[in-house]
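Shown below, as structure tokens, is a lone chain in the form predicted on its own; questions about how it binds or moves come after it.
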Amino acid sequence: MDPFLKTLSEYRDYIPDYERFLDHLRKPLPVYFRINTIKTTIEEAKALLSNEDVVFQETVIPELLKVMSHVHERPLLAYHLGYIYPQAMTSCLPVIALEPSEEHRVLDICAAPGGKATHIAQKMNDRGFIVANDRKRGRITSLLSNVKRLGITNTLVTQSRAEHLNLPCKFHRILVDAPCSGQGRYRIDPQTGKVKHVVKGKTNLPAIQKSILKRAFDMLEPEGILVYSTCTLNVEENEEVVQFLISRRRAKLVRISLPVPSSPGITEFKGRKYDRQIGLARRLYSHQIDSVGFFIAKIVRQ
């Protein structure tokens, strides 16, 4: 059996309607466009997309459209104008959970290529102040390009290893969209039965995630909010990382209000028990939302 499918079987008791979940993994990932209301209105962007023969559906997120068909092979005019950003539905949800406002200082500590950082700027109406950080020069290039294309002016881009980032201020909101194994993007080839979109490498991801999360939390203002998210199903990269933080810092999980179905964080796995408040985290499974699988935890500094 494929290692990923074997891993999935360990979550059978946690994933609602498990067989339907497996069937859904045989479908391709859908495409979504987030409308950038810094540069345009939702109605104007929809009209331009329609003129470019893009067929779309509205979603429960007002600024997000699900693309049903798109005949052009070249990038759309709406993309070049900075009116849209291709982004998975679940990739929008950590920003919704973060609840940034125009008065906030916000840190996106693992920001490239910029989907969530630019969405934060949009939620802040390009006001307030954002630091968008990433560690790799190549990823910084794409981050800067997207910030410029979308017409964002309230964002400072920095290059540093997240776990070593040292800034002279604290933040009201911090997003840690951590590097992860990406299991939420995995799909099963219906012809061969093999798993696609697999992230390769032997990096000790949980150790890196714990270091980043702890460093980020230490830059959070009292009563500030931190959102930790990944696009993986792995308990060791999700619940165990959050458990690590709350066992070492004055951190408290709070409830998350999301516009889509979700499942609670796992509080017991393979004989290991986690703090009850871990259940306030949310797991998002692809068959329930038709998007990438995700994990989101909302944390307050006490």
Partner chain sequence: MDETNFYDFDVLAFSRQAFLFRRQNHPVKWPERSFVRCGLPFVRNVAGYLKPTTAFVQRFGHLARKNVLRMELNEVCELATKGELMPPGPVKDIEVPGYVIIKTASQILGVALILDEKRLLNRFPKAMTQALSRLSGQ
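Please read these numbers as outputs of a predicted model, since none were measured by experiment. Residue numbers count along the first chain shown, from 1.
The next section is about a form of this same protein that is not shown, the form predicted together with its partner chain.
Q: Considering only heavy atoms, tell me if Arg105 and its partner chain come within 4.5 Å of each other in the model of the complex.
A: Output for Arg105 is yes: heavy atoms within 4.5 Å of its partner chain.
Q: Is Lys148 part of the interface with its partner chain in the model of the complex - any heavy atom within 4.5 Å?
A: Yes, contact at 4.5 Å.
Q: Quick one: does Thr230 come within 4.5 Å of its partner chain in the model of the complex, counting heavy atoms only?
A: Residue-level check for Thr230: no, no contact with its partner chain.
Q: Residue-level question: is His80 within 4.5 Å of its partner chain in the model of the complex, judged on heavy atoms?
A: It does: once its partner chain is placed as it appears in the model of the complex, His80 has a heavy atom within 4.5 Å of it.
Q: If contact means a heavy atom within 4.5 Å, which one of 90 to 98, 121 to 129, 203 to 211, 222 to 230 is the stretch that engages its partner chain in the model of the complex?
A: Result of the contact check: 121 to 129.
Q: Please determine whether each residue of Pro75, Thr153 and Pro168 possesses a non-hydrogen atom within 4.5 angstroms of its partner chain in the model of the complex.
A: Spot residues vs its partner chain: full contact, yes.
Q: Find the only residue in Leu48, Ala251, Val260, Ile256 having a heavy atom within 4.5 Å of its partner chain in the model of the complex.
A: For this set of options, the contacting one is Leu48.
Q: Just one of Ile42, Ile61, Ile38, Leu29 has a heavy atom within 4.5 Å of its partner chain in the model of the complex. Which one?
A: Only one listed residue qualifies here, and that residue is Ile38.
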